[in-house]
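A single chain comes next, written as structure tokens; it is the form predicted alone.
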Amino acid sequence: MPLLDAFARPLENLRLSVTDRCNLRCQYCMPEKEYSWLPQPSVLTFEEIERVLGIFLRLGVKKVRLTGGEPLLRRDLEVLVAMVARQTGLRELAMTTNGVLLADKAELLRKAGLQRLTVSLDTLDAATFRLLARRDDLDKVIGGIDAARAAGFVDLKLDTVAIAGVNDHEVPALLAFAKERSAEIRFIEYMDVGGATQWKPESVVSRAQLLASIERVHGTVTPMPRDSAPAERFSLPDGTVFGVIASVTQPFCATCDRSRLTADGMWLKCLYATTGTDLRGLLRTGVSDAEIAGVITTEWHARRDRGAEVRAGIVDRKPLVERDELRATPHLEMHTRGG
């Protein structure tokens, strides 16, 4: 019997952040010059992650995605992957990465039991990459994508955040690139989440605009059946499949089965949540697994979060959190809570 929230949404997907550190400074996530980092002693150990994940799995979680920050900055990540992969009840183990360090890690991760990889790729142009990420690492990202394919990751996905006037003109070319690499690309509307302090409505490239851009170059776009995944999938006449994550213009809160655990054990039931449940405190104070499971069960039953839908109803929409509040409350940062 699945664990259901107040709107009958099951607890099935867990985004598990392993670090809040990142080696890029992307405009849509980390546009500021300075950040407050989680103190290292507060970050969950591998053993603590293994324990709390076991509790989530017994409560019905089937899919786990490792995130960050940039997860490959966590030392010996392949060891954690092996620990997670052997857990009973796990149906899918995936990871999202910016790809900069992937070339050296892809084979190790595959052998450790990682099943799926998603790599962020916002541009094919080196100058645009520098503008977006404030680093000169595009070649490393592409090398990481190729290494992932060579390591045997057949279910490889690419994520592109489309920003008007920055990289939106590259959408058809990015789709062609993904097809060449036998990867499925998902185009993501620029979201006003915590950390997106430069967000403004006119920077959003909508689902409708994305589809029109693709159709002009690649032909008729046909919708595919939808499930609870964030991406709405489409096919092209040649069989190519791609996705669109339209959290801004067409929120999908009604089917959201995802929650997030930060690197220091704060459990968040919505990407837009401003508060969470401190599971690290429970893990480190001698509380039993059954008691922790009881807390998670009670919190999920009470869950009524529909953050993206609420945001969509705001007429004069601005960034979710201003700069000063982010510095005071790092858990509001996107790089802390995981994507």
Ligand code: SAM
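Every value quoted in this text rests on a predicted model; they were computed, and no experiment measured them. Numbering starts at 1 and runs along the sequence shown.
In what follows, reference is made to the form predicted together with ligand SAM, a form of this protein that is not presented.
Note that among 232-240, 186-194, 165-173, 83-91, the stretch whose heavy atoms approach ligand SAM to within 4.5 Å in the predicted complex is 186-194.
Looking at Asp159, you'd find a heavy atom of it within 4.5 angstroms of ligand SAM in the predicted complex. Proximity of Leu44 to ligand SAM in the predicted complex falls outside the 4.5 Å heavy atom cutoff. In the predicted complex, at least one heavy atom of Tyr28 sits within 4.5 Å of ligand SAM. Among residues of the shown chain, Thr123 is not one whose heavy atoms approach ligand SAM to within 4.5 Å in the predicted complex.
Think of it this way: in the predicted complex, ligand SAM has a heavy atom of just one of Thr96, Thr249, Gln115, Ser213 within 4.5 Å, and the residue is Thr96.
In this stretch, 49-67, the one residue having a heavy atom within 4.5 Å of ligand SAM in the predicted complex is Thr67; the partner itself is omitted from this view.
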